[in-house]
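The chain that follows stands alone, in the form predicted alone, written as structure tokens.
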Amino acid sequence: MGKLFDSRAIQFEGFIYDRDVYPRGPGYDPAIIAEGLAPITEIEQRGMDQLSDVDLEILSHKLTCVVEEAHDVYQELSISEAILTGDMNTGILTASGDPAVVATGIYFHSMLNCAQAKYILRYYKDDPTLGLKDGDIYFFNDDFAGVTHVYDMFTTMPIFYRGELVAWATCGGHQGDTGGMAPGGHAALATSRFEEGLRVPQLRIGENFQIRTDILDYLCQAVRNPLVFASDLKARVATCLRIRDRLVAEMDRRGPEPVVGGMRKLLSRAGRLARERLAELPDGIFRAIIFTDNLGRELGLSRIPTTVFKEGDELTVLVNGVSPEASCGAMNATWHLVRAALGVYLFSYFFRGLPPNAGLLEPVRVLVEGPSILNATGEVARGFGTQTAACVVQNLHIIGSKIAYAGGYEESVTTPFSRNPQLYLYAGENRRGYQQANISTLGNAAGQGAQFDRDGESAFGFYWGACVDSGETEALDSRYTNFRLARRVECNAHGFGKYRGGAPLAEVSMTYGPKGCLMTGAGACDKVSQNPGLFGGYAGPTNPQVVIRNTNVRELMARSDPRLDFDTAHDLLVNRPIDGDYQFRSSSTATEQFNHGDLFIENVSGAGGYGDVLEREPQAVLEDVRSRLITREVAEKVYGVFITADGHTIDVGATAEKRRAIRAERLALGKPFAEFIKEWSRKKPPQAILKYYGQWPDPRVESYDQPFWGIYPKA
């Protein structure tokens, strides 16, 4: 593993670290999921030998165009909310099942599709009842078999050329409703996987390039919105056919060997380039930690630590000392989800500019303690495990920024992308007359992290993939069971700092129509933020759910009352111009009926800030006030900046005095480290919120007494 790892890392006895903890079952094999790239085949080697660097560059561009075109086809044909706004991906796998070419969008979707193809090759290809032939179509969404979670649904198709298997086409994304306990998916209150609805490993749903009608009827019968489900399934099949047609045409032009060899060479090159980049950075042990506060049915702390060993041209990510799996909700993750999720940071930031395929993960070893909340056993619910997996990504983002900073690559230093989710799932009949049951897409307008030399962009994109859209309000109003009263970048909803984090888009929407709608909540970060700042920057704020019931908004609208002229959700909550029952509550809620006139307030919080708030230029603070990104109160109390009464200029004298006072207060509160840690180590949260935590302060160690977490004395 490396000298640093061998001398300092501890793995607790009796736990599994390098794969999912559940055993093989019908349609899934965790050993396959944990495999790396398949060996190079003879045809791949012959093709690799034929390609010059120029040939490979041209082929890479061509194959990227193929998957990007497929991405557009899928998005344009879909009628599912998440797919329409970009929560999806397309890709090409090698004949062995390795992701070689991946479209923009949710990169890590394609990183999780390889296990299904490899399972088919190992267990179905030579099965006399199945076999594998040109025109076969497979559907899957079961996380046991290697998928993200059951709400992401995929289709894959083997590609044959002159009778030989040469590749796989794959596409999929967040479909939403699975027929589980919560309409629209994301049943955060589920306690068992059997409450999360349809779970399908790799199932052959079609032959000869056509979907079987009986299989389609069966799948549609399992969900609440069969029209949307069937439409999107057909869209995925059409997308895979487009990839197949383009790839076969390229082989007609070039011959199969250069194309097949080129895909393998792209994987090899990505691994080599990733190692070269890692080798440029300093070796060391780096740590970060995040706590979760919402486990589904109950609030309570869970601990998500991450330790990274950077040695030479390799990276080992060790997730150890994690809280046990949670039996009271769906926040449990899997080893393979954590590993793939790391691509969110690695592909877009750490390895930016390199081809986003499975080769980039070859020099990265991922060890996740299990059973735990991050590597859970088979029976617990895991539909919202993306949230806990994201905590490891946030940790890695902080760690990666520190490694880059230490190595002199300041341009790679950022705070993590915003990930304090508060998701609404709506169900009911929409104004187009069909049943809609799906997730809100406002999470696609989250804030970008602050950078070492500039502010983060506001309403920038989606945590799992930046190339998305939050949707046009008029189109959303027609497809959802509610419509939007206000929508803009939110005030006081980001992390402050020398450079501020990007703020999110916030929305106030209203249930419309005599039938009202059903709404389910799924989220976390009600009391503890998971959007950390960096080098003194503030974290992005917490994000509980807010609904307003029994309002008078209909009466106000009927007479065009000026009280409806609020600009932000912040204005509505602070000034309360609308009468009603304002409810601040857990972001994870059971499905409830809402009536005509009830309001929902939604955002996903903003990203953390970078650097000391007292180093922010006063003029930048003034511009934030003018843009309604912050209030005067934040300008004065946090930044120490006073603005003249007319709102046009800085009160230079008052600002200098305030900042001197804040610095003096900081110095007065400061303590030597030994004194601080002695006092700090005596602190403990109330026992009630440690119910699912494990031992305090380290979930796996009784009476842990080290000054820094993650330090375990070697026996």
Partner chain sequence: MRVRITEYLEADLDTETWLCNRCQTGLGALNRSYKEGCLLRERDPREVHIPVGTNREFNFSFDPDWIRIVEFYCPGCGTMIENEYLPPGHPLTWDIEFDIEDLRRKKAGTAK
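Nothing here was measured: the structure is a model prediction, and the numbers come from that model. Positions refer to the first chain, counted from 1.
Just so it is clear, the following notes concern the form predicted together with the partner chain, a form of the same protein that is not shown.
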Check each of Asn89, Thr239, Asn375, Asn603 and return the one that places a heavy atom within 4.5 angstroms of the partner chain in the predicted complex.
Asn603
Please identify the residue among Pro672, Pro39, Pro26, Gly653 with any heavy atom within 4.5 Å of the partner chain in the predicted complex.
Pro672
Looking at heavy atoms inside 4.5 Å, which stretch does the partner chain contact in the predicted complex, given the options 286-294, 156-164, 556-564, 262-270?
286-294
Taking the partner chain as it sits in the predicted complex, is Arg585 in contact with it (heavy atom to heavy atom, 4.5 Å or less)?
yes
Against the partner chain in the predicted complex, would Ala406 count as a contact residue? Criterion: heavy atoms within 4.5 Å.
yes
Taking the partner chain as it sits in the predicted complex, is Lys402 in contact with it (heavy atom to heavy atom, 4.5 Å or less)?
yes
Can you check whether Lys678 is within 4.5 Å of the partner chain in the predicted complex, heavy atom basis?
no
Do all of Phe15, Tyr123 and Phe144 end up near the partner chain in the predicted complex, with near meaning a heavy atom within 4.5 Å?
no
Output the sequence-ordered list of residues from 682-696 with at least one heavy atom within 4.5 Å of the partner chain in the predicted complex.
Lys683, Lys684, Pro685, Pro686, Ile689, Tyr693, Trp696
